[in-house]
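Single chain ahead, by itself, as structure tokens, in the form predicted alone.
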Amino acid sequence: MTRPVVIDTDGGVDDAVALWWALTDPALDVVAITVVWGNVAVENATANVLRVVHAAGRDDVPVAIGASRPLPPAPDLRPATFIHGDDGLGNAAGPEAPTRAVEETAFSLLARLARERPGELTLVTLGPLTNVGVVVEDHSEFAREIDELVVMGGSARRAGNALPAGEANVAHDPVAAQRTVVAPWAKPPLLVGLDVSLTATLRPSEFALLAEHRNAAATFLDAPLRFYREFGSTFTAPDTPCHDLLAVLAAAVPEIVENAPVLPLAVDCGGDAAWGTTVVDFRAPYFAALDGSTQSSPEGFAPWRVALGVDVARFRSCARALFGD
């Protein structure tokens, strides 16, 4: 059965890979794409999303513009141009698409779609959670109306990348991330963080296949991914993570996530050394197994499925299929 999805993205290189998969996978029906600031300014991100949508032959999918800055307070992080390029597509964006974003804001579109299709939509976020953080605050029923939320972000055990303990999408807007964590979702959302995205990597053999330009996806994605590969592989060289592709695949091929226990989750918004950390309470299952055991549980935690295991072979097989294998 086709799964209706809305994708929230910040228009970078791995976002482009993820979007191309989603837009061309018959298992997914991309209802809309919302854009948020993050890898680049929201205007650049929107232009990149429109480029991908057009190149993939999916101009029918509406694209809506969202937040241009984080909810305060937020860390002052270095721009990601050294990973994604000045244009967000590895300085290989090319001409603008002939289409434009819709006039409706991302916030309005998200709230409206959830209201019109309660219990149907999967929301996949690939960037900072600012758009979602605004909508869950302004529309109290939004979280209950979404069938499933999949978030690319956070880190349970792998520390951080944008900050010592903070993964980029969460660290860019900790306040919005925490609002998202504690919103009343219909079921525990899935956190696809660095624990799995730094494991599910593209090897040099995938890049060799990509360079053959066997199809339109490979031709479009080759130059951006080659740029991204240099610094995007900092923690995994010689292999390269494609974080956002894994998040979309978690929605399209749920069994690709092999281990995702439900655990209490919170985000540190304190502004100190742990700012932007996703805090996972791994004590919970141990205490639950002990009759009569009680422990202090700070406020601000909510139950989430935390991805801890991934089918790496399946991930690479999907990437190779996207590249024309």
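Don't overthink the numbering: it's just position in the shown sequence, from 1. No experiment lies behind these values; they were computed from the predicted model shown.
From this point on, the text means the form predicted together with a small molecule, which you will not see here.
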query: Interface segment, criterion being heavy atoms within 4.5 Å of the small molecule in the predicted complex, picked from 242 to 250, 215 to 223, 137 to 145, 68 to 76; finding: 242 to 250
query: Of Asn161, Thr201, Ser155, Gln178, the one that lies within 4.5 Å of the small molecule in the predicted complex (heavy atoms); finding: Asn161
query: In the predicted complex, the one of Ala168, Val150, Leu210, Leu113 near the small molecule [non-hydrogen atom within 4.5 angstroms]; finding: Ala168
query: Whether Thr34, Ala45 and Asp173 all lie within 4.5 angstroms of the small molecule in the predicted complex by heavy atom; finding: no
query: Contact flag, Leu194 vs the small molecule in the predicted complex, heavy atom cut 4.5 Å; finding: yes
query: 4.5 Å heavy atom contact, Asn39 and the small molecule in the predicted complex; finding: yes
query: Contact flag, Leu126 vs the small molecule in the predicted complex, heavy atom cut 4.5 Å; finding: yes
